[in-house]
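Single chain ahead, written as structure tokens, the form predicted alone.
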């Protein structure tokens, strides 16, 4: 909720300028910076945004140091971040069975209540067998573990067919679905696992800070149509660019 309050305060301040900009009003740097100074954002809110980002993205050491330095308490036990990152790392390394076992150790209800996630992990396991050239084992695994799920779910069946199609080509990367062998597929599955674990811990699956930056960019684009003002051109430095007159 605190993020929403920050955004609303910022938007109210910006809208006050936009309301005067029906004729493409030019807002000087001095006027703009004065308006920005009038927007009061509590340091505690900023600290919570930073902590939320560190926890969600799994930077456990940085989160612990930030906790000590800022006095900001994380919303979850930092020890669980290490467990979550071990699961994520296992998927990214192609050790899917290890990841499944770690997930069950962490919380067995995650896979029990999320059939799509479990299917995607099994699909990733099949991809790893194909990647390793274990054709017979891959076919057996697809028949015994994945085919029954495909009979119950049309979407799963289509994904199975795409994955098995990799076996038709001597070099799977030449297959129309060769992107399944890319590292990006592992990262996609790992991201889904990460989100599921966070959800099971009653934590947001996505960090709030990137969403806030996207909202800021959208707000600038909207304001561009109404006024010329010192806009942020580079979000990495937050440097203001003087309005073009």
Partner chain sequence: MIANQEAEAAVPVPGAVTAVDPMRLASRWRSPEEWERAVKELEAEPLPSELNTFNSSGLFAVVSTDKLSVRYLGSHNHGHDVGVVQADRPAPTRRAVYYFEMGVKNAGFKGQTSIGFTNESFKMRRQPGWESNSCGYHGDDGKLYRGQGPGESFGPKFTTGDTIGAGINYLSQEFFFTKNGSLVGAFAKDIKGPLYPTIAVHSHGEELTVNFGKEPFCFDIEGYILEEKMRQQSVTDKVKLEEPNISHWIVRSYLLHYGYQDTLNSFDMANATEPPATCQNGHREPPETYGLSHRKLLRQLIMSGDIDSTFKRLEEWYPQVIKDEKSVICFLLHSQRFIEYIRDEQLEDAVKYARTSLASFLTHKAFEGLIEDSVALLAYEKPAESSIGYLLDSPQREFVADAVNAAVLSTNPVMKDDHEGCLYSCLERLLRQLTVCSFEQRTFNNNQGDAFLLHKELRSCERSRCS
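Residue numbers count along the first chain shown, from 1. For clarity, every value in this text was computed on a predicted model and none was experimentally measured. Just so we're on the same page, rigid core means the largest C-alpha set that superposes within 1.5 Å between forms.
Beyond the structure shown, there is the form predicted together with the partner chain, which is absent from this document and is the topic of what follows.
S.K.: Spell it out for me: taking the partner chain in the predicted bound form, does every residue among 203, 212 and 238 have a heavy atom no farther than 4.5 Å from it?
M.R.: All of them do, each having a heavy atom within 4.5 Å of the partner.
S.K.: Are any of the heavy atoms in residue 47 no more than 4.5 Å from a heavy atom of the partner chain in the predicted bound form?
M.R.: Because a heavy atom of residue 47 falls inside 4.5 Å of the partner chain in the predicted bound form, the answer is yes.
S.K.: I'd like to know whether residue 187 contacts the partner chain in the predicted bound form, with contact meaning heavy atoms within 4.5 angstroms.
M.R.: Flag for residue 187 set to yes.
S.K.: Please run the contact check for residue 181 against the partner chain in the predicted bound form: heavy atoms, 4.5 angstroms, yes or no?
M.R.: Result no; residue 181 lies far from the partner chain in the predicted bound form.
S.K.: Are any of the heavy atoms in residue 191 no more than 4.5 Å from a heavy atom of the partner chain in the predicted bound form?
M.R.: No, residue 191 sits far enough from the partner chain in the predicted bound form that none of its heavy atoms falls within 4.5 Å.
S.K.: So which bits of 55 to 94 sit within 4.5 Å of the partner chain in the predicted bound form, heavy atoms only?
M.R.: 57, 59, 61, 62, 65, 66, 69, 70, 75, 92, in sequence order.
S.K.: 2 Å or more on the CA of residue 182 between this form and the one not shown, with the rigid core superposed, yes or no?
M.R.: For residue 182, whose C-alpha is compared between this form and the one not shown after core superposition, the shift is less than 2 Å.
S.K.: Superposing on the rigid core, does the Cα of residue 31 end up 2 Å or more away between this form and the one not shown?
M.R.: Yes: residue 31 shifts by at least 2 Å between this form and the one not shown.
S.K.: I want to check residue 200: does it shift between this form and the one not shown by 2 Å or more at the Cα, with the core superposed?
M.R.: Where the cores coincide, residue 200 shows only a C-alpha shift between this form and the one not shown that is less than 2 Å.
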